[in-house]
Every structure is written in structure tokens, then in C-alpha cells.
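Next up: a single chain in C-alpha cells, the form predicted on its own.
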């Protein structure tokens, strides 16, 4: 591995000559299987000439044609590595600025590039660009993760002009992709119906994915997509790029099919209402755009993202997670110490690791008895919790489980002491009526005083309760009437809100590096790798209906690994508890039920399921995911998690529709196993009082047989969910 990185550094530091254009420079950003190649011509223009499969001979990148060049006067290079606005460029820009003297144009010329190995298997290439007429510089960063085939790309902007420069657009990435056709799969939805996929062909012109919600920015449209090249990609075949922006605020991703029928992709912070005033000698750093290329279908692209996320981004991504029992659907706001301590015992009886106390435990002047009051007043409610959180922590630990807490520290209720004391801390417009989302407003995290307050709330609770085991961090409101009373640059609010949030989270992570944190935002309103640098897991949706969750979790799985996905068994939906448990097991499992209301069989099943989960969870969390049968196009859903050593696998199967036919779908071909190894198949999560038609079968199968012929999981209307454990036979 080290020798490969040294070789890659040599290639990047020593320009590869282009036989067709002497003097040109090639910059090859390579992973094990992928290459992004930038050409710099004699005029100093950096252009993207290749994004796709890595060539075995790097010198041959010089033979690639520059499809973006045209001789007409009305445009610059179509395939610029970072397209500046103004001058001759008439295409969608990555960068738009107004210089200190008012000049609205920019030009960016190559200065140099450098490459360094930042850690084992991670290579960072930096390309330095400068405007020839102004002391204005841009750096393009490309961090290549060799084994995971993921590229992380971002930019930074700095100048030494005499006065402030206005940044009107400042993208993270500007890619150029030549193909015959392009098929975009993007995802959209709303509360409780997140991540609905839609595949469309991209035609001439511009397609934009964006958000203007401020906080909870991904509620309608997450910043993640799949882009198939030439023809629609299948699960294990076809060329596809999976991309996502690591930013928790307003974003914009543009897909422009240019007049040459090539695709220009620009991704970054949404410039909407976010003109940024950059002072001399200050640096503006954009969020990272993450992408992976696969010539083996969507499945390989998602497996690349999963491996990268577990190893490099999500805290404790290769570690452990806690199962939990949440009180929300058991009590809502109506609880006291007696009710809660009884639930602790229920949690221990069930077999979970932790009890999570949800909304409603705080505020006294305006007690939090519903969602109209109390946010911002983070002291224990004396009527509900006369002995405070410390008492509950100790009682839970005495019962044999850990204790966790719900917080929504970014928000404020209009009816709260915080709002009365600090109205200037609240995001709202002057001379306009307040407008509420979920009866609350957003605190101005662009204000350092608010950052200190939010940090102090969380740190104060953890300092007083050092054995607190978990925090669920919610964010339920979007930003209406966007205005900061204290920010000297009001147009910075959308950007500096997110930067302020990250500052708070970074500070907390430094002090509490191993604390489990759930990222919750009324569901999938904030699921991105910017926030997941700090959170161990996320809440995909408030919709916990077992059938709906199959679709929601399926679509999140293209970008996020199972270890980060919180799946709870609740009373939503009409499916039996076995179905709901089987679905929740495909991630980080938890419960939001009244344990005392479970009958004898339901309780016994749940206890056994948790024991099984404890035994097999590492395969699910850290194994490679293979989506075998899609619920989008079939009556079934079938997913397989395979361990790295290919000695274990967990196979989940569900009947999602039987309107026209009832019964098994027949044999399903597996993937990801070793053809030479022998395997046994055993059904788990068998409900008490029922028998499995599979477990009496003592046949040993080769991986070759299972992947060529397949196996029938015997799913039908009476067996609507079937979970199979596959182990290597000795």
C-alpha cells in the first residue's frame, strides 16, 4: 500500500506529457479503481478530461481528447475544473465574485499542484489557481481514498485585495462527465415519507436539486444522488456515480447538459440569499462534496460509500452501538419519576442497553407539557422530576441499563424564559409577524453568544451527569423570516448558522469523543456527512411503519451504512411485531413501545430477537450490503449483508405486496459470497409457536450454487418476513 502511494505521488508531482499537446500538464487523482484527470494547457486553463475507470498506464491519460474545447468566441472551456463567472464564460459558473473595485468577472489560471499522502491509503492533491489580474486565489482539494474508491473534494478562496470581495457563488466541486446519455436518480419527500426515488433522463439544459430551508434543510430534497452514465444502471451492472454534499444547510447541485452533450456538475452551498463578504487575507472554505464511481452498478457504489463512512467519517463507525427503549410513544409528555423508573425495569426485562427519555422533561415557568412552550429553558421540570436528572441516571443504572436524554438546543419556544431574556438571539425579521414551524423558532447560531449558550446547555448536563450514556439531538424547525439581529453581514446567516453549529459540535466532540449522539431532525431533515462527522447515528424518519420503513431504509442505504441508521420497533403500522422487528434489525435497533402491553409470546420473541441481534449485529453493521430484490419493482424486498471474510451473512426478506398473487417468489440468487466456500442456512427470529420450513434442512451449499442457482426463502402471506443466518460450514 505504501509503495502504491509513493508511486501515485510521483505520478502527480511529475506532469505526464500529452503526446498531442506538448507542454500540457496532467494531474491524475487516482484511487484503486477510479481516476479524475485534470489537464492544464499552455494557457494555464485547468480542465477535467476524465472521470471514470482508472487506466493501468497513467501516461495514456495524455491521449484523452479534450471534448470541452471549442473555437467560437462566445464561450470559454466547457470542461473547466472550476468555472469562473464573467469574462467570456456564458455557462453556469462554480465561482462568481465581485472584486473590491467592482469588477464582476474572474479568471483562474493554474499556478502549481502538490500531492501528499496524509495517512495510509489517503492521498490529498491540491491545485493552486490565481486570477492573473487580481491578488485572488482559489485552491482545489481532492482527497482520494484508495481502497474505498471515494473522492472528497472541496475548495478554498482567499484574496489580498484592498477591500472586501463579494462572493456570490462558491461551489465545492465542478465536474465534467462525457457520456452518451445521463440518468439521474434523486430523492424527495416530506415528513414521514422521506427518500422517495425518482429516475429521470437528463436532457439539454439545467436540472437543479436544492434546499432553501436553512435548518432541517433536507426535509424535501436530500443532497444525495445517483447518476447513471449511458444507460440506467442496475444493482450490479452499469456505470454510476453516487454523490452527496457534506453540508447541513442550504445546498445546490446543478446538472447541465451542455451543447456538446456532455454533463457539467456543480455542487456546493446554495448561493440563495447567501452572498458572502470576504475580507482581505481571510479564507473561505467550502463543504466537501463526496463521490464514488462504479462500473459495477449501484451496489458497488453504495458499498464504497459505506466502507468510507465507517472508516473515515462516522464516530466509532467500526465500533459498537447501544440498543435502547424510548419513552415517547409510551408516555408522550405525560410522565413522572414513578412512570419512568417503571419503564427502566421494562427496558432491563426486554434486554436493551439504554433507556432514552424524550421530550417534555424540562422548563418550569413555562413547563414543557406540549410542544408550545419551554424550548430553551433546559432545567429539569420540578413537578415531573423533583429529584432531577441525576436521580434518573442512578435509578436506570440500578436497574441495569444506561440513561440517555433528548435535547433540541438549537430551538426556542416563543413562550419561554430564554425568549423573554434574549429576543435578539432569535432568528426573525423586524417589522414582520413571527411565523412558527412546529410552534417554535430557531436560535441564531451565527451569534457566538448563542454558540456558547448551546454548548453550555449540553456540557452542563454532561458535567452534572458524567455517566449519562446517550443524547438524542433534535432539530424540528426550518428557518422562516431569516434575519440576524446581531450579525454585521445579514447575508451570512444561512452559511454561518451551519458553521456555528459545527463549532459547537466540534467542541463537544473534543471533550466527549465517545459519547453516542443521535442526529434527529423530525426524521430525515438533516442526514448528511457534514453532521455525521459528529453524530454516531441518525434517525431516518418518524415513520416507523414496518412496511414503509423497508422503502425508506432501502433508499438511505445507497449512501449511509447500517451502523448509522436508527430503526425502532413501534406501534406504527399494522404488521405483527415480528415483521417490525425484522425490519428494524437492518441497522441500529431500538424500541419505542410499552413493554408491559406485550403478550407472553411477543415478549419472548423480542427478548430472543435482541439476543440474536447481539450475536449477529457486526455482520449487519460492518458487512457489505447486497440489495437482491427491489421493493420498487417487485412484490418482495431482499437484502444481504456479508462479512468481510465472507464467512457469515445475514439475509432479510419481506413480502411488500401480494395483491395479485400469494406465495413464494422462488429462488433468489445471492451475491458477495465466496464461490469456493460451503455454507449452512438457518432461519432466525422464528416466532414462538411457529416452525420454519428451512431449519429442518441440513443441506450444505457452495457459494457458487447460492450465487448461480439461488435459494428460496419461502416468503408468502403467512411468512411475510424471513430472516436467514448464513454461516460457513466447517
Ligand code: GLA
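Positions refer to the first chain, counted from 1. Worth saying up front: this structure is predicted, and the values here are computed from it rather than measured.
Another form, the form predicted in complex with this ligand, is not on view; read the next lines as being about it.
Proximity to this ligand in the predicted complex, defined as a heavy atom within 4.5 Å, holds among 537, 377, 582, 474 only for 474. This chain appears without its partner; in the predicted complex, the one residue of 161, 235, 358, 635 with a heavy atom within 4.5 Å of this ligand is 358. Of the heavy atoms in residue 569, none are within 4.5 Å of this ligand in the predicted complex. Interface residue remark: residue 613 is not counted as part of the site for this ligand in the predicted complex, having no heavy atom within 4.5 Å.
In the predicted complex, none of the heavy atoms of residue 602 sits within 4.5 Å of a heavy atom of this ligand. At least one heavy atom of residue 523 is located within 4.5 Å of this ligand in the predicted complex.
The stretch among 515-523, 95-103, 391-399, 247-255 whose residues place heavy atoms within 4.5 Å of this ligand in the predicted complex is 515-523. Applying a 4.5 Å heavy atom cutoff to this ligand in the predicted complex picks out 406 as the lone residue from 404-429.
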